[in-house]
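Quick heads-up: it's one chain on its own, the form predicted alone, in structure tokens.
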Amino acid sequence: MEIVTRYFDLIVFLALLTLGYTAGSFAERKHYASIVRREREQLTFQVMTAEAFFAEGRVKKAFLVSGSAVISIDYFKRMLAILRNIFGGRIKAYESLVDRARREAILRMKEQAIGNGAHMVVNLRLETSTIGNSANRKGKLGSVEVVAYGTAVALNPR
């Protein structure tokens, strides 16, 4: 019993660290499952990075669509990333963070286009920025924002 009282702070810290890692991993897996499901649903909706040229009278309407996602990294993965920065190498926690944000932003853009009757999105562009870098020094958590935007095109029937 004396050992428990002596190391109580360490035990609480390790328990909270384990809880944070478990909750963060669960949330990330759940988000990835949602992304994969929605990507399958929208598989036939075309999105391209190239400009498109259509025959005269083929386009019914064209309009700007965008999708934005801000994803934050959990404290446990942030600690691992800090250690990886010291020793060098790939930071997988940040790779998954950017991947989730990029895919979520594109899905939201597609959902907006589909909701407004578009048949495709052309000239897709992605912008990425970090949020809270200076706040990290104060103990706050940083995030990544991805904005996907493009021109949604609704076609006239042939």
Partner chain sequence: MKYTPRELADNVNVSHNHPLAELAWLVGGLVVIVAIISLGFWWLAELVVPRVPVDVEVWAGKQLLEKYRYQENPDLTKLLHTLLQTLPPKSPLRTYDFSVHVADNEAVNAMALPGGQIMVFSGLLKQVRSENELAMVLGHELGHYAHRDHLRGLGRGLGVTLALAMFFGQDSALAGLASDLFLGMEMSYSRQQETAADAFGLDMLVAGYGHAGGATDFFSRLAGQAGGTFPYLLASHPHPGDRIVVLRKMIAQKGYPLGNTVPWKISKPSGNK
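Numbering follows the first chain given and starts at 1. Please read these numbers as outputs of a predicted model, since none were measured by experiment. Each form is matched to the other, and the largest set of C-alpha atoms that superpose within 1.5 Å is called the rigid core.
Only in words, not in the display: the form predicted together with its partner chain, which the text now covers.
- Among residues of the shown chain, Glu111 is not one whose heavy atoms approach its partner chain to within 4.5 Å in the model of the complex.
- The shortest heavy atom separation between Lys30 and its partner chain in the model of the complex exceeds 4.5 Å.
- Contact check for Gln46: a heavy atom falls within 4.5 Å of its partner chain in the model of the complex.
- Residue contact with its partner chain in the model of the complex: Asn116 places no heavy atom within 4.5 Å of it.
- If you take 89-106 and check each residue for a heavy atom within 4.5 Å of its partner chain in the model of the complex, you get Arg90, Lys92, Glu95, Ser96, Asp99, Arg103, in sequence order.
- Comparing the forms between the shown form and the other one on their rigid core, the Cα displacement of Ala23 stays under 2 Å.
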